[in-house]
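In structure tokens, the next block holds one chain alone, the form predicted on its own.
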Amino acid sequence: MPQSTVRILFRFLGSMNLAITLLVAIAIAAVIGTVVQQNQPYPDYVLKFGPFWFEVFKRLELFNVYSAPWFLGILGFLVLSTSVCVYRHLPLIIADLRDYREHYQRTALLRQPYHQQLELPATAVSMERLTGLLQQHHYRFRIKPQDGETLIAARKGSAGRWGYIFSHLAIIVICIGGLLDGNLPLKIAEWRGKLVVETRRIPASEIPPLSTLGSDNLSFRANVDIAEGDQANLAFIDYKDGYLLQKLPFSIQVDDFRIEHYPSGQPKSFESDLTIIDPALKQPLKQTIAVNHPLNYKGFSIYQNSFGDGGSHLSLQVWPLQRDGQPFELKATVKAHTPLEQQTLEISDFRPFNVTPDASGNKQFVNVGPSFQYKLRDATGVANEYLTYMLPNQQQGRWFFVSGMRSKVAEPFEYWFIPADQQQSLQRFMRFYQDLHNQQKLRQIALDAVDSSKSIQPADIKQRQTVVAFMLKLASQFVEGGYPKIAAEIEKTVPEDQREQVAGLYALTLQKLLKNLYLDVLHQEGIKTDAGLSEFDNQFFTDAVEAANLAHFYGSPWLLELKQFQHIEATGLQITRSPGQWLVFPGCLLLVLGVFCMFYLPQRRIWLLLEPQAGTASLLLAGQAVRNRYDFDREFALLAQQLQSFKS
């Protein structure tokens, strides 16, 4: 008779092959989730995998595997399959646990994998001795007389059968816990169009309701940075290419944040003093949290996750780079926007410590001092990003101020090394570089250089003007694009067979102009140069010319120098709500118990069929074991040996 479709589907759902396939799929997903770092900003993945594979992995949702629809679907299907399996087999297992199989006949016992016929004196065999021997081996038994014979059916290790149920129930419980913590309600809301990911960097008060989750959200993992002395009742969930705002039913106040450093300046440990402010509490709850020591409150876990800047106040000195002018002071705040003439200064981060490997090659770290990271955005919205260090850094025995620039977040910083003078300041270089933009001073320097030249007669005014104009043009090209721009101009205007000679002439002329300009800077400092330059001043000139040669790539009208700061720290908290974990933990214990029962408490059965005869008793010993046959071999042989000893 053909089976119905429902019966076939029911059998398929409860099959071992399907369960194993689903478990293998989950194992593969877990490997992917371990290898590919989860829930990171999308630009990080683009930089790591490239645009093509980023799009492939994004469509497969490999960047948030454990909340991906296909993964949740596998979990749900595994719950269904395992539940069907338990439903199908539980009645059979319960029936088997109640059944001692005392109805077995001699022919059935002889078909058992273990059986042995014994002939014993009738006076040596009694029910008391036989049942006592079984009790000695921890067997439970039933006695059934049948057709002049007596059958003793015994068993032990029934918990091994329960192990099957425990292990299957454990899989169901763990998967349900995974579904609860897998953002399933969030996915459903997104599919229904009731949730939209926010991608703009806007204040929390301006985030629309469609991108906001209520405080009754069942499961989430969110982050928030709170400065010392401030409080927050919300957090942010990184989701896909943006974020969602998660409201909290209480406020978290940061009373104090402490961080310890190693002698090199590298962070050692950090902790936060928190206060939970909740109308349901008679008094605020205070607790200190540290890494791996969270605060648990009403099903929410608050972890010490990171630390950062909480809005430090910076005092900056702004040096003009594209014109001659005096520097001026500017007050700015981290994570705030500050107008700077036609641009906007956006400081994103400030670090009082920067630990890097020692340049000497020793296996140690050194602290190179404070730094701040910022963007300069013009009126059109275009911005370059900069990373500037406060203190000079030693390179090859010389000291340089360091500032990096990049036009895209995915790109690494390109660093500009500016030589520091003997007072460890920017004064000398900036005076030299700004004089390159002072046309009046450059003209005077060029005239002085022409007048000191023996090849040009003072009376030849036209020639003097031509040479001065040529020197000013070289200086202008050098400022605009460095040596590459001058080389490009030579390649464009000079025949190929004359380029090498012209390039040498240009280099000598420019070098003389720059050297005279540098000597003028030294004279302004009151340094006498009649007897020649010191080793430091000579090296500084070389480094200053190289820095000026690379200045054009910096792409900013300003160089911002950090003079002073008031550091305000912020603690980075991760707030989680994971009701599923209270199912996963007992589920894991249930799984361990099930595996232990199945492998270490195997079910074993023993039958003793006693047939009294004239002066003797025929005894048939039979046995059966589900697993661990080696141990049962020894036990069965011992039982047979002990029964044989009844003869004596």
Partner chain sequence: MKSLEYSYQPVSYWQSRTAYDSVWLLLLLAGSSYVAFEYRALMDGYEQAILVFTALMLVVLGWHWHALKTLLLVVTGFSLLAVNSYGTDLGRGETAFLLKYLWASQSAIMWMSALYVMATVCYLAALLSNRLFVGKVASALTWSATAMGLTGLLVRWRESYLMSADIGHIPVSNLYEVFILFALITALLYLHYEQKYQTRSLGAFVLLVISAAVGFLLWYTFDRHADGIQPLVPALNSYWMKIHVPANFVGYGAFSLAAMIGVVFILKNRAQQLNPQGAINSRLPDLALLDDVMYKAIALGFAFFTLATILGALWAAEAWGGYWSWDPKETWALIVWLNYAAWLHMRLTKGWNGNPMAWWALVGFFVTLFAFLGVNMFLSGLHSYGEL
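If you superpose the two forms and keep the largest set of C-alpha atoms that fall within 1.5 Å, you have the rigid core. Numbering follows the first chain given and starts at 1. What you are looking at is a predicted structure, and each value in this text was computed from that prediction instead of being measured.
One more form of this protein, predicted in complex with its partner chain, exists but is not displayed; see below.
Considering 158, 373, 574, 83, which brings a non-hydrogen atom within 4.5 Å of its partner chain in the predicted complex? Only one listed residue qualifies here, and that residue is 574.
Though its partner chain is not shown, can you say which of 71, 478, 541, 386 has a heavy atom within 4.5 Å of it in the predicted complex? Partner contact (heavy atom, 4.5 Å) among the options: 71.
I'd like to know whether residue 60 contacts its partner chain in the predicted complex, with contact meaning heavy atoms within 4.5 angstroms. No, residue 60 sits far enough from its partner chain in the predicted complex that none of its heavy atoms falls within 4.5 Å.
Looking in the predicted complex, any heavy atom of residue 262 within 4.5 Å of its partner chain? Contact with its partner chain, yes.
Is residue 9 close to its partner chain in the predicted complex, meaning a heavy atom pair under 4.5 Å apart or at it? Residue-level check for residue 9: no, no contact with its partner chain.
Does residue 26 reach its partner chain in the predicted complex if we count a contact as any heavy atom within 4.5 Å? Residue 26: yes, in contact with its partner chain in the predicted complex.
Suppose contact means a heavy atom within 4.5 Å; in the predicted complex, does that hold for all of 208, 319 and 533 with its partner chain? No, none of 208, 319 and 533 comes within 4.5 Å of its partner chain in the predicted complex.
I need the one stretch from 146 to 154, 288 to 296, 329 to 337, 413 to 421 whose residues put non-hydrogen atoms within 4.5 angstroms of its partner chain in the predicted complex. Contact criterion met by 288 to 296 only.
Residue by residue through 599 to 625, which ones have a non-hydrogen atom no more than 4.5 angstroms from its partner chain in the predicted complex? Contacts from 599 to 625: 599, 600.
Does residue 417 move appreciably between this form and the one not shown, meaning a CA displacement of 2 Å or more on the superposed rigid core? Superposed on the core, residue 417 moves its C-alpha less than 2 Å between this form and the one not shown.
Rigid core superposition, residue 523 Cα moves 2 angstroms or more between this form and the one not shown: No.
I want to check residue 386: does it shift between this form and the one not shown by 2 Å or more at the Cα, with the core superposed? It does not, since the residue 386 C-alpha is displaced less than 2 Å between this form and the one not shown after the core fit.
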